[in-house]
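A single chain, nothing else alongside it, follows as structure tokens in the form predicted alone.
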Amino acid sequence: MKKYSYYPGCTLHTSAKEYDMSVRAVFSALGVELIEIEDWNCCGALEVGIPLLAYALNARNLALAERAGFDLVVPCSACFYNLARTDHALRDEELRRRIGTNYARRIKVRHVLDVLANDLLDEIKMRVKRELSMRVVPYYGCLTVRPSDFGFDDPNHPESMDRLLSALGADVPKFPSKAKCCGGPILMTAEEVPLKMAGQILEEAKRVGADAISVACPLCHLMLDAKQPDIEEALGKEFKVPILYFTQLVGLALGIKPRKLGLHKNVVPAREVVEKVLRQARRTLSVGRAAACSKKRERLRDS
């Protein structure tokens, strides 16, 4: 069984539990074991203004993962950015000495999207039980694939989530806003600005006829899902676009029960998305059974 160390980060244990639920459920369904690193600490997302402290916090997590002996998988884009940035920076012996780390860079830091879209895509294709017969736009946000020094996709024109969603049977239209910032980082300082920024993303999704937006970042999810009613009020428009983590969509396609994927936790209900997938799966099953019965009758008639 393939194994990875797993760093959920603070958000996946609190406001983004559905992301954590769906990540664990999907990897389990694929026969991959995630081993949460023991005694992990915050990635220092709020301490980026104090570089040495941020590096020290992340170096500790990296050392814990390295001790376990497996590459480190990270779902939260901010956590991935901080951990991967630290791993990259610790090539510098002087920095390593200053923060006193014994981390030797013997493991890789991977975003969950990277692993699913690039390492496990063939396995996913073989295990699809319900095709996503809907239009889904992929939204990467500004941290998932940046910067290019340690990213896994083109920072301006990413395609990994597009490929993954297409493999699940979804119609994936061109989405020029896929790598633009949602405004989440400045939500607490100038609320009207990020609401407008996120509103532009929702407007574009509606314009291309999206049934849902697929995201890979808890902050992006918060802005587009939890803050969607505030965006609608601020802009005087109605969107009602379900915002799903890409792992929830993978889980649906793999046949995992919606509740196990946390799909009941969305602020903008995902009920219509789930029902659409289940209806199509039932129709496909009925057609398959009818075809099998027809072939059986033909065989009996010929015999």
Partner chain sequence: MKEMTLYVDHAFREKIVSELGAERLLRCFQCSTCTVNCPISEFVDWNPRLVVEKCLLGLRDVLKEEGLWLCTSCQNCYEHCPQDVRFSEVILALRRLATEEIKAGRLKVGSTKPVFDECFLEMIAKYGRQYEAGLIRMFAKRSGLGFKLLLSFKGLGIRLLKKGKVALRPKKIKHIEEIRDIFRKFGGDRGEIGGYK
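This one's a predicted model, so the numbers in the text were calculated from it and none came from an experiment. Positions refer to the first chain, counted from 1.
As for the form predicted in complex with the partner chain, it is not shown, yet the points below apply to it.
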property: Contact segment among 165 to 173, 202 to 210, 120 to 128, 183 to 191, judged by heavy atoms lying within 4.5 Å of the partner chain in the model of the complex; result: 183 to 191
property: The partner chain: the contacting residue among 274, 30, 56, 34 in the model of the complex [heavy atom, 4.5 Å]; result: 56
property: Interface residue in the model of the complex among 84, 99, 90, 72, criterion: non-hydrogen atom within 4.5 angstroms of the partner chain; result: 99
property: The partner chain contact in the model of the complex: residue 254, any heavy atom under 4.5 Å; result: no
property: Residue 13 within 4.5 Å of the partner chain in the model of the complex, heavy atoms; result: yes
property: is_contact(residue 241, the partner chain) in the model of the complex, heavy atom dist at most 4.5 Å; result: no
property: Heavy atom of residue 94 within 4.5 Å of the partner chain in the model of the complex; result: no
property: Heavy atom contacts to the partner chain in the model of the complex at 4.5 Å, residues of 259 to 273 in sequence order; result: 264, 265, 266, 267
